[in-house]
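Single chain ahead, written as structure tokens, the form predicted on its own.
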Amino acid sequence: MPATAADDLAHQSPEAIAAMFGRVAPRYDFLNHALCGGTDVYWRWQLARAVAAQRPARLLDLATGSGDVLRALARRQAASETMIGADFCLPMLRVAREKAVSHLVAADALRLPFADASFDAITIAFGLRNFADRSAGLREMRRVLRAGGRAHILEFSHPVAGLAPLYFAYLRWVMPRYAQFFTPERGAYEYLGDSIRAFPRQPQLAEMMRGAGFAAARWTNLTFGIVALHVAEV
């Protein structure tokens, strides 16, 4: 079987992944909106809504990227004290700063620079797929959450059976060709599609979260399962 872009990137260092995101950073937001028809705004709204219902005091947004999740959370006043964004890609953090997003930290999600039990909530949107070790990343989230804290993971997933063939054909054949009109980094969008296809299904991710020490992991499908919002409590 021929190697895919996802196979190639899976064997690269986290620094190589960060460099890839750094190259697409200037057009990242535009392409996000264009490739999903603006539905990403709705997905982030659902994430912010779930966090606001929890009413955490201290919140950490991992793989914060260009800062749109933090902005959605701020609009909902989702955390009562502090919201911090962490990412290991400096060009993406620069884009977030240009949007006046504050409290940003350059950090690897697998080795967070925070003490145990530092936060009431953790959010991550479309970033877990890119972790070199997802189980280790989940354990690190568990480590920095306080008792009763929650992890909110918004991620591309596997849609309902009838939609899946069309959706995965779009990811493989249409999306990379569309993206190349706006960025020379077509490989980044081939990787995106490959990484979505290879990502665990909803029940498998919930089981991974429980295996990392979380309790009562559950999920809600959005847009027919194209995206799922997983929530698990410490």
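A residue's number is simply how far along the shown sequence it sits, counting from 1. This structure is a prediction, so every number in the text was calculated from the model and none was measured.
Another form exists, predicted together with a small molecule; not displayed. Remarks below refer to it.
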Site check 63, 69 and 107: each within 4.5 Å of the small molecule in the model of the complex by heavy atom: yes
Which of 80 to 88, 113 to 121, 157 to 165, 140 to 148 lines the interface with the small molecule in the model of the complex (heavy atom within 4.5 Å): 80 to 88
Heavy atom within 4.5 Å of the small molecule in the model of the complex - the one residue of 32, 46, 54, 202 that qualifies: 32
Residue 153: touches the small molecule in the model of the complex, heavy atom cutoff 4.5 angstroms: no
Partner proximity in the model of the complex: residue 219 to the small molecule, non-hydrogen atom cutoff 4.5 Å: no
Residue contact check: residue 125 to the small molecule in the model of the complex, 4.5 Å heavy atom: yes
In the model of the complex, residue 92 touching the small molecule (heavy atom, 4.5 Å): yes
